[in-house]
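Given next, in structure tokens, is a single chain: the form predicted alone.
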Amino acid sequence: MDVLRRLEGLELIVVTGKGGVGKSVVTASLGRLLAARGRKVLLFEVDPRENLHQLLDTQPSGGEIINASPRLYLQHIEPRELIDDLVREKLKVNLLVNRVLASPVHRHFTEGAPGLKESAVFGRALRMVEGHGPSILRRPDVVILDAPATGHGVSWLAAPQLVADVVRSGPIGHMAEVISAFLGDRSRFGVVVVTTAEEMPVEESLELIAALDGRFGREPEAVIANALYPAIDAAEAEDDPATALWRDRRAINVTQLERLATAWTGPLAEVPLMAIDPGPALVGAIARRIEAQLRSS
């Protein structure tokens, strides 16, 4: 299937990669791309720094769903609050809810239980695409999660099954089983890997691709090579140190792209470094580049 059509058909896309490679701007750009192609998109952000609103020129989410542009929404989510919401939903009686939420046992459990917070994030995404959202966005077509850096990416994806294996009964165990099945459905869920064409980001990306295959039996939907130095006339670099530095960085990019292409033969989008300030203009330019590149993959 054409990769763009496949991305359009997914209900959850996790965007992951090494820290500093531009995951947030790629997340925003994928959201803009799919929204322009007619999908109703919700961007999920878990980073406490809240970067997405700056890229889309909106006010900070503060936990609310913000309409950034036609068919494109964003929300900053706090995993701990999602777990508390689950308690409220299941217990319903305010007296019991307040006692549980105030309990040190509940606090220690929610802070320390492996995989619980990650499962809560995926659970919220699943509830949204199943039509349980607030009135501003009852049911998005797709949720795109700006996930933590690569080192945590695989553990995030494995979290629901870990919880399901440990907690075999009750609402949490049932939730984890449902979410694990959701993440295992290739028609509903996919991963996009973001990298730069530098040695360590490419190495981590290849390790992530191998881990996805080894642990989950799947591949990313696409790899986005971000912030590439455009080619430059080598003759111009002879007497200009700044131009020579640019040429050398470009040479590294070329070497690492060749290394990436040798190991990864799936869809690859190459996005150049752009002289555009972070904001909607940059997001739009990257979205157009990703669309053109993936269309030709």
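It should be emphasised that the depicted structure is a prediction, and the values quoted were computed from it without experimental measurement. Quick note: we count residues from 1 along the sequence shown, nothing fancier.
There is another form of the same protein, the form predicted in complex with a small molecule; it is not shown, and what comes next is about it.
Contact check for Pro70, Gln75 and Leu137: none of the three has a heavy atom within 4.5 Å of the small molecule in the predicted complex.
Out of the listed residues Ala158, Val166, Leu206, Ala149, Ala149 is the one that sits within 4.5 Å of the small molecule in the predicted complex by at least one heavy atom. For the options Val129, Leu212, Ala227, Leu86, the residue carrying a heavy atom within 4.5 angstroms of the small molecule in the predicted complex is Ala227. None of 252-260, 59-67, 45-53, 239-247 except one has non-hydrogen atoms within 4.5 angstroms of the small molecule in the predicted complex; the exception is 45-53. Proximity of Val25 to the small molecule in the predicted complex: non-hydrogen atoms within 4.5 Å are present. The closest non-hydrogen atom of Pro278 lies within 4.5 Å of the small molecule in the predicted complex. When contacts are judged by a 4.5 Å heavy atom cut-off, Ala35 does not count as touching the small molecule in the predicted complex.
At a distance threshold of 4.5 angstroms between non-hydrogen atoms, Ile286 is in contact with the small molecule in the predicted complex.
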